[in-house]
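Presented below, as structure tokens, is a lone chain in the form predicted on its own.
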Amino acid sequence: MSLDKPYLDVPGTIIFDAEQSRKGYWLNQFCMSLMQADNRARFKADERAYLDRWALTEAQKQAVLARDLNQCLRLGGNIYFLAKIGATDGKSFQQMAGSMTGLSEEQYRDMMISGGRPANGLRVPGENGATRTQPAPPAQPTGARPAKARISAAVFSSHVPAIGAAIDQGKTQQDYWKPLFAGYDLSRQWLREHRPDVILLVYNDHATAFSLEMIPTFAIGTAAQFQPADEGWGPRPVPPVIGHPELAAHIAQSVIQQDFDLTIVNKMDVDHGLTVPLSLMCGQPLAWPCPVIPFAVNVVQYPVPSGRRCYQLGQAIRRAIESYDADLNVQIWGTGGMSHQLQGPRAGLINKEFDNAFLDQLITDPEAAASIPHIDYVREAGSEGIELVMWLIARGAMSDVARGATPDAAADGATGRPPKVVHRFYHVPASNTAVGHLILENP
């Protein structure tokens, strides 16, 4: 793909990037299991049987059995994880490193004692006969311009857990819920007519995948599949979410190169923050209509990212998607909000004026929406109203607000034309929350 990966041609070197991490997830998880003594004993007793318990490819299993660490690296292994195999075999790090060089243990030790391997002659292919370790990226065909992915639309929606319960329990036509679900009738028809190839869905985890042990500010799911989470009431009876590992890894690589720090998540369950918007837009299908890339934002524990940072992140995501060399129609969904407070004596707060002013700004003046300070969300929209900053990620990804590395935004894909408002809906209440919904199409 069209990403800057200059490290691909460094001789004798395999860099563990997002794509390698995705490829080697289960290989590295197997290695991690060897940190427990009983697992080491099982592995030593019958290596093949133990490896068969893991979702490794046959090539990965053979590489482990042969202790071919170079092949393990090529297949997605990371040296710090692979070191657990060496430790299980009673090998030192120096012995493991030496095994990958073609030198005997004594020769490698002597080389290190004499000052180590010099960099001269090993920086680029061809230098003193050095060859690249990783394959070169495929050459682009000459003539026709290669296909590129694109963002066609942004969808914004609240993600109230009680909405999911109403769907799952067949209560959508009850008097309380009927007006809310009627507000999504047009949206479900629109999605059937504008089915994307991939959805990047921005949401927040609700103390499900991420505990207080680890709270990433921004996290992207790069797995092939994500199971519905058990949030205490059992998992929702909805299909598993099929991911798009290749595009997700590409986005992670590109966005991090643009100086946004993402946490790459190769395995996690997804809660109502992600599944409720899908249910509102898709109904109750046997399978979701397309792959979905989960993009989690911390809006639970302060400090949380500013609206401005989220808006700029959306611009970086658009650049990442548009650099992906495949003809993909991508939608970006921003979820959460609107005004609501779930805790303390002020629980139940709803601010219709703030919510509708936010929707107005999101459509016509997103720069102003991005400038709203945290304290305004808390005072005006309630403590959980801060979830609205996630809508700014989706809005920042629209083409009318494109920003690139050059001063000329038009050269970076900016159309200058506002998005088309397909649908706007607002309803109070859904349990404790004001529900907002908006669909914008790029011109």
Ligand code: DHB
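Sequential numbering from 1, following the sequence displayed. As the structure is a computational prediction, the values presented were derived from the model and not from experiment.
What follows is about the form predicted in complex with ligand DHB, which we do not show.
Stretch 334-342 is the contacting one of 118-126, 364-372, 334-342, 248-256, since its residues have non-hydrogen atoms within 4.5 Å of ligand DHB in the predicted complex. A heavy atom within 4.5 Å of ligand DHB in the predicted complex is found for one listed residue only; from His194, His206, Lys148, Arg319, this is His206. Taking a 4.5 Å heavy atom cutoff to ligand DHB in the predicted complex, the contact residue among Val292, Ala153, Ile220, Val160 is Val160. At the 4.5 Å threshold, heavy atoms of Asn432 reach ligand DHB in the predicted complex. By the criterion of a heavy atom within 4.5 Å, His272 is counted among the residues contacting ligand DHB in the predicted complex.
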